[in-house]
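Just the one chain here, laid out as structure tokens, in the form predicted alone.
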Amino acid sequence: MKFYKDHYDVIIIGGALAGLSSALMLADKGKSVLVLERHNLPGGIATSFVRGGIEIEAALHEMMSIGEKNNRLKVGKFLDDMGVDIEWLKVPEAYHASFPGVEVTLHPGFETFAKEIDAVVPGTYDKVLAVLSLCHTVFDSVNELSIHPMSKPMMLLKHEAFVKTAGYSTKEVLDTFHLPKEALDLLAPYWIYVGTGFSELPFTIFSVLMADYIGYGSYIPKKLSHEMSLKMAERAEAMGVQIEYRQHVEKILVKDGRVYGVRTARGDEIYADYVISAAYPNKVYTSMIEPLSEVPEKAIKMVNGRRLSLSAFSVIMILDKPAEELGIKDYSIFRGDSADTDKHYDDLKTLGPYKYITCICHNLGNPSVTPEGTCSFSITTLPRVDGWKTVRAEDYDRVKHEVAKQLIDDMSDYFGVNLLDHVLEIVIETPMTIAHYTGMWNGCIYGYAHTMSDHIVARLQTAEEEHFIDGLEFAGAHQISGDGMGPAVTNGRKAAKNVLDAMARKEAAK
């Protein structure tokens, strides 16, 4: 009996959230789909691991675009529609901001959020609410335009705020509201989740982030992020998708400008009309296309012209006391020596010391996540890949532990408790860890940086020009919607839609 079929409609390289989203959408339309995953489990960084008998979340801090059960946002609705049943827990707050002279916990809901900032910086309620309202308007436009593209005159008529702000940075737009610096600082913490300082971050991206997280709140799966990937994989298989693990794709086969299949590391040649790749275009266009002569020069120029965004460095600890006994009061803490996003972005290209970090106490969003009397606490910074690419193999262990110690000491000082005295289990994740286990290019979890010259609006306009090889699509953090687990689902759906549209055009041409 043959292991693979003679032919598939679509082969998907990578069984993380984007690839699984593509598989679900394609299977829902009756297409034959094969998913090839190099790891022994689905999910990519949406996974967990076990230490000391305790399952530990590997990556997810919070999930966007879920929404309440009776008012789902796009990711939550897609998963529901596909029959992927996940028990979501709403995160109790937006974040606790800790900057010099400022300690405040802010909660979701536009009016609530604005009132809480006004309590710290009196007289700012109306302006903060106006900022959030503008973000929400732009957010609604982005969601509509992603489904129903329209001409520029019609866009200006129906989506005036989106059009008028699309060409400006977050700093430029926020400056027009003339808010005090203290209030602007409290609007800044989420910048790290998109990985660009405010002077370069397009306001469109900031708007989507703030409207989603502040307007609707964020969520986590009760059984950790691996519940998402496992249930998506299980549902995809129930819909007829073939998923094969420990299958590393080495080559994407191309002839006369069109894909016709893939070759695995063990030598299997598998044929399909379309291929969706989770591997970064950097890797695909430089080493995976066979023959390489089929790679257009424009594809190489494209990947060379894009800047990689952020990776991750995390220290994840299981501590021997409940959070409250260690002085940990908030699920999410953003801590920095300032709220200067541009300065921190520059710092992230180094090996530290890192002055902007985010901390998560998982138990304060999911009380049963660790055994009674313990808690899970993670400290994360999101460095750029630049610095970590310079680390020599012989220095790696020393550098890793020096950075981890700096982060632990910082939060120990903050809580007034030596966290190392309470460690039951500790895991350190670096960009190298991510690159090794997931294959992400240079350990980059955030795809290509969103900048004023290269972001979602510009990418939507050039998307068709970047179809360099017929039948080849990409799905992952490196695609149009950018970074994060929510956008990964959206990017997977977009890749599947592109394939379905291409199939429809081909059928109509017969």
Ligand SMILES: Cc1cc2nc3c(=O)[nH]c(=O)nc-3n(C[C@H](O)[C@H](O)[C@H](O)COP(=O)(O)OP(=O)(O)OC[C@H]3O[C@@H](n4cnc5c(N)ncnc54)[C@H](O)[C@@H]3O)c2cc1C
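This is a predicted model, so every value here is computed, not measured. Throughout, we count residues from 1 along the sequence that is shown.
The form predicted together with the ligand is left out here; the points below concern that form.
Here the chain stands alone, but in the model of the complex its contact with the ligand, taken as any heavy atom within 4.5 Å, falls in 51-59 among 24-32, 460-468, 65-73, 51-59. Within 4.5 Å of any heavy atom of the ligand in the model of the complex lies no heavy atom of Val499. Contact check for Ile117: no non-hydrogen atom falls within 4.5 Å of the ligand in the model of the complex. In the model of the complex, Asp185 stays away from the ligand, with no heavy atom inside 4.5 Å. Using a 4.5 angstroms threshold between heavy atoms, Met440 counts as touching the ligand in the model of the complex. Taking Ala449, Ile45, Ile480, Leu472 one by one, only a single residue has any non-hydrogen atom within 4.5 Å of the ligand in the model of the complex, and it is Ile45. Interface residues of 278-308, taken as those with a heavy atom within 4.5 Å of the ligand in the model of the complex (partner not displayed): Ala278, Ala279, Met288, in sequence order.
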